[in-house]
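Just one chain follows, in the form predicted alone, and it is written as structure tokens.
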């Protein structure tokens, strides 16, 4: 008999702890939006004066000669265009989630280069939690739109864990031991249920033969019948249904008992 956890051969490996700002934890798989250095900054691509200007002037308004934030602004506008409801939409939940997603992925790339920037890490953590609240609200009230925005923004929704708190070896081993014992109990219950099925096959097979014998003897001696043909048919159908079910290989020792039938001399009236 097992006395310790080692006897059960239960092994627990501490899971790798990922920070909440990690893309694998936040669910960001990356946006399929391309921003090139030759692109014009936001809103300048529709300028009529710039279209007629010299090539040198146009080049001065490209992202190559603009601050880094202009590239982020252009990327944000392209991402918003994927989900906005109409051309003037700037306040819907989809647009807010898209804008937060752009900022989150920008900060994740920035922190990958500068890991000691605590201020950006705190801001990124707050922004991820805020976006998760928006997604949770949308998931509750409009699930189709929730799935649609996850597909458009290439996101994975990571809900809060069912068991809150830090991961500890003691609690994890307790849950693993409970699952292991529940599996053993369920396996024994399945075997017992299969044994009962096999006993039912024997019982209904014997019941059909007994009822047929009783009915034949009552007719033979002109007695009032206590058994009807309908009862025999019901028992025969039940026996046929049970016999159609395949017997498990671990209960093969019960199959010979299904062939046992009572003879006339074994029945006492």
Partner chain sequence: MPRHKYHNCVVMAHNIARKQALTYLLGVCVPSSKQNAAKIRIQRADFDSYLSMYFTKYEFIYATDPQKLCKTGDTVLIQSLPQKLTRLITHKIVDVIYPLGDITDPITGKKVVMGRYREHIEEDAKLFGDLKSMYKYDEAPERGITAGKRDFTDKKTYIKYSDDPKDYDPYAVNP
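None of these values were measured; they are calculated from a predicted model. Basically, rigid core = biggest C-alpha set you can superpose within 1.5 Å across the two forms. Positions refer to the first chain, counted from 1.
There is also a form predicted together with the partner chain; it is not shown, and the following applies to it.
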inquiry  = Just to confirm, with a 4.5 Å cut-off on non-hydrogen atoms, which of 71, 128, 107, 83 contacts the partner chain in the predicted bound form?
reply    = 83
query = Of the options 185, 122, 91, 156, which one has a non-hydrogen atom that comes within 4.5 Å of the partner chain in the predicted bound form?
reply = 156
request  = May I ask you to check whether residue 87 falls inside a 4.5 Å heavy atom distance of the partner chain in the predicted bound form?
outcome  = yes
query = Is residue 100 one of the residues lying within 4.5 Å of the partner chain in the predicted bound form, judged by heavy atom distances?
reply = no
query = Do residue 113 and the partner chain share at least one heavy atom pair within 4.5 Å in the predicted bound form?
reply = no
query = Looking in the predicted bound form, any heavy atom of residue 194 within 4.5 Å of the partner chain?
reply = no
note = Of 63-71, 221-229, 203-211, 24-32, the segment with heavy atoms within 4.5 Å of the partner chain in the predicted bound form is residues 24-32
message = Using a 4.5 Å heavy atom cutoff, which residues in 133-153 contact the partner chain in the predicted bound form? It's fine if the answer is none.
response = 139, 140, 141, 142, 143, 144, 145, 146, 147, 148, 150, 151, 152
query = Fitting the rigid core first, would the Cα of residue 18 be found 2 Å or more away between this form and the one not shown?
reply = no
ask   = Taking the rigid core as the frame, does residue 170 move its C-alpha by 2 Å or more between this form and the one not shown?
value = yes
Threshold 2 Å Cα movement between this form and the one not shown for residue 193, core superposed = yes
